[in-house]
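Starting off, we have a lone chain in the form predicted on its own, written out as structure tokens.
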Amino acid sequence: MLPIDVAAHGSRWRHRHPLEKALLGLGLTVTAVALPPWPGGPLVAAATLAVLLGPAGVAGRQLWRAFRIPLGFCVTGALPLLFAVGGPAGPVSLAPDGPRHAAELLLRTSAASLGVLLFAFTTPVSDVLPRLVRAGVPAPVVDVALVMYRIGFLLLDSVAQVRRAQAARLGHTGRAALWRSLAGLAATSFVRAFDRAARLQEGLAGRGYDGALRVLVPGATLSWRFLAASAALLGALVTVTLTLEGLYL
């Protein structure tokens, strides 16, 4: 399993209803996008970090390892705003308001990413997908998502096994050997993934698969206190942001 999945299964909020965590995480994400980037972005990011590291019990190192990937995309997306193409200054020049626009985009996207990570670190995928049928999503779509989720882990496991076998046979000792090992890794993992997917299909057929995967969903009830606290947090963020923005203006 991926580290974020391991953290989600061991989270303090593991047994809370997914809708509670979805409303909180999605609410923080929408708030980060909708509010003014300053001071909304830092306030939403600080509140999300406080929830993640506090009540949710996410380890700081795990959070950073997961957050640095979307943060890299945020930085990459903000950098082009620093430059202007064409115009009297030349083919490529610094945009007059480039730093401000880049900072605003970075604040919004990084805070929104933390809101998504809040849901991901506290809610396993296996708790969400079966409940989507009750929400009106067609059952075949959910079944395909469940199978692809399983196949993804099978593929990662195959890649890890092949890499360990190549390292044990000194397949990473030089550049040429590394490239040969990389080509062999891609080919072998592709074949293994198809083989294990075929065995998964045969196993489903042997268990009487009739077009619907029936799984046990852990029981959970909505906590109105949690929902009220989430609404209060979001309302406080909106109020403080708009108040501070009025003071700056």
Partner chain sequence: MHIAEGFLPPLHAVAWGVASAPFVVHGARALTREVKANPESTLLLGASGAFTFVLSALKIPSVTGSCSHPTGTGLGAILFRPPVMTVLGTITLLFQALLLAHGGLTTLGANAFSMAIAGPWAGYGVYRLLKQFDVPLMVTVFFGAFFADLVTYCVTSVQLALAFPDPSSGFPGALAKFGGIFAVTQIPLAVSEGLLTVLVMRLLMQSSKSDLVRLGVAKLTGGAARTEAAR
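Residue numbers count along the first chain shown, from 1. What we label the rigid core is the largest C-alpha set whose atoms superpose within 1.5 Å from one form to the other. What you see is a predicted model; the values in this text were computed from it and never measured.
Omitted here: the form predicted together with the partner chain. The next part is about that form.
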**Report entry** the partner chain contact at R134 in the predicted complex, heavy atom, 4.5 Å
**Finding:** no
Query raised in the report: Is there any non-hydrogen atom of A168 lying within 4.5 Å of the partner chain in the predicted complex?
Result: no
Report task. Consider I4 of the chain shown here, and say whether it contacts the partner chain in the predicted complex, taking contact as heavy atoms within 4.5 Å. Result -> yes
Query - D127 within 4.5 Å of the partner chain in the predicted complex, heavy atoms - result: no
Report summary line: Taking the partner chain in the predicted complex and a 4.5 Å non-hydrogen atom cutoff, the residues of 179-194 making contact are W179, L182, A183, G184, L185, A186, A187, S189, F190, V191, A193, F194
Requested in this report: Using a superposition on the rigid core, decide whether the Cα position of I69 changes by 2 angstroms or more between the shown form and the other one.
Outcome: no
Requested in this report: For H172, state whether the C-alpha moves by 2 Å or more between the shown form and the other one after rigid core superposition.
Outcome: yes
Requested in this report: Would you say whether V162 is displaced between the shown form and the other one, judging by a C-alpha shift of 2 Å or more on the superposed rigid core?
Outcome: yes
